[in-house]
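A lone chain, given as structure tokens: the form predicted on its own.
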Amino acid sequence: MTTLSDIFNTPGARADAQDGPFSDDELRLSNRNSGTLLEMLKHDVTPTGLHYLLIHFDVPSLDTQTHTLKFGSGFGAPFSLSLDDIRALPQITMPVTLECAGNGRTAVSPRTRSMPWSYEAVGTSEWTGTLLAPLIERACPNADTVEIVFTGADRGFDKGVEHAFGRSLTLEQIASLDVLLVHEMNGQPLLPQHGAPLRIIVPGWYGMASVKWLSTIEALNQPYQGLQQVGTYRYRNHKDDPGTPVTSLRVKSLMEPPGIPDWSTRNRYLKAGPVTVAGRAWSGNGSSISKVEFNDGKRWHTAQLTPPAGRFGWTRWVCQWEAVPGEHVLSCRATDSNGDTQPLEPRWDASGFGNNAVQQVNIYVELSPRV
């Protein structure tokens, strides 16, 4: 891109990124979006104000009292629902771990020019709402329906294309994944930045599928061609590769960084002796975690697991480590019930999506604490 007009008038336009210092654009994105503080992994449920955020455009200002969700075209019995209507439906609360598809992007080289996530774009909340499948059935999708499209109230440009953020799912996916129409997060009404007053939650998938500020639901008789469905969020070998869709979470784990941090580098300091190292692990499509291993820089140790509260929540792991003086690189890796294990090195993707390589934490251990 050479001019400002290219951003808004050239389909596919997005500046390439180079490894090295982050661009002003990337810094602006990182100031708008926020990640979970890794020391908060100690909580089964991420505190609401510390759950990660990725906001593509501007946060819409929607009136909770007047906003309605419209089941529109492609349905034989279209209808609209207010927030009060939705609250009156059967309610369930489900713990779900959400992760941004770009989490870990900074470790993929050469990187793409986008939100520079390292490890922090993940969190678990208790989402309250109603199952979406019965509402889809009530609206009577036409017999030739192929996909259901969810469109939010947020609108902007990406790759030179103006659009409202939208994503689609098949009827089978909506039913098998227990997709929720959500109005509460951790027992409180959704905050504006988390999609108030309504959003969907797609358990077991990366966060891009969980459309926020939900306004319309439509049934299509052909695959949805919205930009956020076919133009982004696809695994690609190069930028012109049509790729394959980003869908379910890849198996992953993180540790609560032991010790105390250096202010600018976030490297850790610890005194020698026995240490309890702990963290979280998760996978996609409701797959359970079968094993987590902790590496102290010399060998892998098997961690103890605490089962999650629900099918789509993360698993807590704990391991005991005898910290000896010196410099260490700590890491952890998870294996899920499908037999998938985190790789030691990032797998290549042109957009930096789905990087589930093992986390590394640099730590300095002293024989005794400083005075």
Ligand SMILES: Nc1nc2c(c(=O)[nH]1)N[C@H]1C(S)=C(S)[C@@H](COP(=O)(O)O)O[C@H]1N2
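This is a predicted model, so every value here is computed, not measured. One-based numbering along the sequence shown.
Heads up, the form predicted together with the ligand isn't pictured, but that's what we're talking about next.
Annotated contact segment (heavy atom within 4.5 Å of the ligand in the predicted complex): 51 to 59, selected among 301 to 309, 337 to 345, 51 to 59, 23 to 31. Not one of Asp144, Ile148 and Ala219 comes within 4.5 Å of the ligand in the predicted complex, counting any heavy atom. Residue contact check for Pro197: none of its heavy atoms lie within 4.5 Å of the ligand in the predicted complex. Within this chain, Gly152 lines the site of the ligand in the predicted complex, having a heavy atom no more than 4.5 Å away.
Shown alone here, Asn295 lies farther than 4.5 Å from the ligand in the predicted complex, counting heavy atoms only. Proximity of Ser210 to the ligand in the predicted complex: non-hydrogen atoms within 4.5 Å are present. This chain is drawn without the ligand; in the predicted complex, the residue among Gln229, Gln193, Ser290, Thr106 with a heavy atom within 4.5 Å of it is Gln193. The single contact residue among Val202, Cys100, Met115, Leu132, judged by any heavy atom lying within 4.5 Å of the ligand in the predicted complex, is Cys100.
Scanning 161 to 188 for heavy atoms within 4.5 Å of the ligand in the predicted complex gives just one residue, Phe165.
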